[in-house]
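One chain follows as structure tokens, the form predicted on its own.
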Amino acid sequence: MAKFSPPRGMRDFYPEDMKLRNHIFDAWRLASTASGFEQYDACVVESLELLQRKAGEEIVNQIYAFEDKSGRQLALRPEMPPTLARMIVARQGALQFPVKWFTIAQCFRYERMTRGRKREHYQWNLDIIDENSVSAEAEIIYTAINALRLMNIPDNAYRVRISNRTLLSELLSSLGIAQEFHPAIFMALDKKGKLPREEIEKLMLAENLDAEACSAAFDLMDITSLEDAAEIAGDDSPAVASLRKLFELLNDYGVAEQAVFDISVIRGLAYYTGIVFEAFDTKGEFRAIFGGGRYDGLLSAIGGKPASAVGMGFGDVVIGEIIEELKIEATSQNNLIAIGYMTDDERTMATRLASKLRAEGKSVTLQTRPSRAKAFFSFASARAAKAVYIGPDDRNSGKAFIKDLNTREEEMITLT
């Protein structure tokens, strides 16, 4: 008989796996609603043209694309910003701005499998549309940090690294490197830490930069502080001013210690236009926990009115591995009541009790067949917080005990 497994890079989630997934998803939802973000969702299949128009080159090469029976060129979404932009543009005249939306979306990319990287993953996206100030970046970074705290991740276990692509562009211009070369340099420098320096410089040489310019651009990655960058760009640099304001706001939020300046944060996606950020574990053992930034040109690129935008993507794979590495217990509130019975004669009474408790808003799992007490409590202990077992004596008396499976305390309840 053939054995079937999930396609390579895809995952099944058995009930025991859902505990960790729910721990992550619950934190995402709680952090989102606590910061006033509204939830949205969208179809998982998108127009290939939309995705190719504004995704980064790396993502375009990883798209799961196909042709449907009508000859349409479609794809499984690899990320959410193009879909979000499409939805905003469709109702741009009716929406009340600024928009603060969030979603938890399943995304697909055909890419090389490594630690922290699957070919499908769930991604929490936060976006604020039509807010020009860095208050948008601050709100999103704070909300992401709040989610990590809700997952019980220690504050010292990660850092959010922040930079500004506009600042890097200013620094490149100060070296005499023309603006037309900046996007290619961004794409090449974004591979720092993934490829050797000589390989990155080859990528820049392939874009017709001379060797001296390539070396100078790479040396910018050695800048270690915002003040050092300001000395080159000048204190009147708008990019420097926006970063300083952002760090002030993060201090007001009480999360300044979790944020650091890092000129090497670039983000490989072509649509980012300003401040960008990525969070990494402090030991440097994992891929990025989350990342995002400002993408002010995306709406107009697909036919909408120009509007500023800031967004973030936070995947479930890396944070799941970090939670397991730190041995953090994936917790969720368990109020489930299990109800079992000894013989068919008690089935009616057990069913009516379950129906009554469910009508009161309680979560109840009702066994679907008679069982011995030992087998029932073994089943209940693995799933529920409380349990009721009905035997002939309980049926005759019209009373039973509801047992707290943690404290072993019992409370008498009426069955009739």
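Quick note: we count residues from 1 along the sequence shown, nothing fancier. Everything quoted here is computed from the prediction, not taken from an experiment. Heads up, when I say rigid core I mean the largest set of C-alphas that superpose within 1.5 Å between the two forms.
One more form of this protein, predicted together with another copy of the chain, exists but is not displayed; see below.
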{"item": "Option touching another copy of the chain, based on a heavy atom within 4.5 Å in the predicted complex, out of W101, F280, F261, Y271", "value": "W101"}
{"item": "Residue (of Y253, F218, F181, F247) lying close to another copy of the chain in the predicted complex, criterion heavy atoms within 4.5 Å", "value": "Y253"}
{"item": "Listed range touching another copy of the chain, judged in the predicted complex by heavy atoms within 4.5 Å, from 198 to 206, 124 to 132, 227 to 235, 157 to 165", "value": "124 to 132"}
{"item": "Any non-hydrogen atom of T114 within 4.5 angstroms of another copy of the chain in the predicted complex", "value": "no"}
{"item": "4.5 angstroms heavy atom contact with another copy of the chain in the predicted complex for G398", "value": "no"}
{"item": "Contact label in the predicted complex: L366 to another copy of the chain, heavy atom within 4.5 Å", "value": "yes"}
{"item": "Close approach of Q52 to another copy of the chain in the predicted complex, 4.5 Å, heavy atom", "value": "no"}
{"item": "Another copy of the chain in the predicted complex - contacting residues of 7 to 46, heavy atom within 4.5 Å", "value": "P7, R8, M10, R11, D12, F13, Y14, P15, E16, M18, R21, N22, T33, A34, S35, G36, E38, Q39, Y40, D41, A42, C43, V44, V45, E46"}
{"item": "Rigid core superposition, I339 Cα moves 2 angstroms or more between the shown form and the other one", "value": "yes"}
{"item": "After fitting the core, A31 CA displacement of 2 Å or more between the shown form and the other one", "value": "no"}
{"item": "Shift of D41 between the shown form and the other one at or above 2 Å (CA, core fit)", "value": "no"}
